[in-house]
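The form predicted alone is given below as one chain in structure tokens.
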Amino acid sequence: MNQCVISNIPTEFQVEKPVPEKEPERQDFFISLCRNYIKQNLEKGLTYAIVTFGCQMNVYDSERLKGVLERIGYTEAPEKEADLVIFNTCTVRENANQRLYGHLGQLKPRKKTNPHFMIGLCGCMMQEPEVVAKINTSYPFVDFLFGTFNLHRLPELLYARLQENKRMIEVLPEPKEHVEIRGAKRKYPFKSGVNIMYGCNNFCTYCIVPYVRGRERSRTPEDILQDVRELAEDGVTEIMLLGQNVNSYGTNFMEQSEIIDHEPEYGFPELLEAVCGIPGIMRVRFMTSHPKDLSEKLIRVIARNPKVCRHIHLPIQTGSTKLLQAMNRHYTKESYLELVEKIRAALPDVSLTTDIMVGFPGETEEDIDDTIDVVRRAAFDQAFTFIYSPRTGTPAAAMEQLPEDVVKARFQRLLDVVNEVAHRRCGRFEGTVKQLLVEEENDQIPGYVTGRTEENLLVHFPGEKSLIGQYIPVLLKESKGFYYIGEADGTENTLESE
């Protein structure tokens, strides 16, 4: 898949001071310029909204972009009221493109009624040359556009747009440098994601991610642990370690001279254990795991560290060994089930969730039978099922596609079994007491709050807003399939930070 290098950002700005060359000083410099420009040229403050599509990494990226805009002086507002709307896009499925274009069409009239209204685009879709070309020709009212490798350049793009009064575009074919954005605006003050790596080397035949996120790049343990320590000092107690495939963390260290002091085998198990050792952190989650790389060493680390939540998301995609080979997944039905057995032997109460696609080219009724067999034997707590969607630029898109009616019938067959198994599996904790991290007030049941168990199960129970952010023992009274109704147990909270 061809990528593009597009940049029309002015090389010189109308500024009184020299522009710093290094980050994060350069990022801070343009944040200050934007803030001063808005104060000097606008009578009122401006508002923003970021609309996020896609994975947990995109959600985390959006939180960091929100932090930048807040430092500039923007205030978050609903999308329909905001002066600046940024779409952080996903391109895993083909219909994501049409969703974005629909949103853009709806926003165009606001350009006439609000002279300060601006539209920005970023994320994975922007790494596709044909998307950038379409935006250029069909959506000239978009103000600025950038890709996955230069999120930290938002202040510079925004300032250039304000100064030049023309659209600004910068899309890079690969990362020139790795720059973290500081000061994210988190949805929850007590939990946060931390990127430990970027990109993917797997090149599954249906997936476009390696083309738009680039090859795997692991952050150094020092940088990651420093981020976690700072978050803990800021009141965060739950960490989600993020990567396209966290199990392959560290595989590129041997190629980087600046990492030479680290052990050759410093990988995800070592990092996970180090994060657990940081004072103030009570829970650690991670996402996503690739079955081919989940080691017995990692299972042992999880088993001996009670801070690691007993939830593993382990995408299988299909139970057919034949299709797994066609997908370039590098494991078989049998090896996947063996891995599940090892995990359950070490972690009896673990919650296993997965991703399953239906309708991959070449799929037969026997292949669906194999997938259903895996669902029953693995006993997933939840399975995110979806119909295969061909992505332009991937090998599978050139394969012969299956009839839509056949795929839909198979999808329903699978969904019925997934729901049956998950409903039974998730009910196993009924009548037990679990520690919950209370996350928010329940917007459906007045007087209730909602928390999450370490197995990632939602529980709604009567409680005050003051409980949010606390760890509370709750009796799980009634299973509702994918969530519980509970009540505070009244016993002393036993989960404490170190």
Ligand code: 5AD
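Computed from a prediction, not measured in an experiment: that's the story for all the values here. Heads up: residue numbers just count along the shown sequence, starting at 1.
This protein has a second form, the form predicted in complex with the named molecule, left out of what is shown; the following refers to that one.
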Notebook entry, point to check: Any chance residue 144 has a heavy atom within 4.5 Å of the named molecule in the predicted bound form?
Noted result: no
| said: Using a 4.5 angstroms cut-off on non-hydrogen atoms, would residue 389 count as touching the named molecule in the predicted bound form? | reply: yes
* Would residue 315 sit within 4.5 Å of the named molecule in the predicted bound form, counting heavy atoms only? -> yes
Any non-hydrogen atom of residue 207 within 4.5 angstroms of the named molecule in the predicted bound form
yes
Which of 361 to 369, 157 to 165, 226 to 234, 389 to 397 lies within 4.5 Å of the named molecule in the predicted bound form, heavy atoms considered? The stretch 389 to 397
Answer key: of 181, 414, 92, 303, within 4.5 Å of the named molecule in the predicted bound form (heavy atoms) is 92
Students should find that, of 373, 355, 273, 170, the residue having a non-hydrogen atom no more than 4.5 angstroms from the named molecule in the predicted bound form is 355
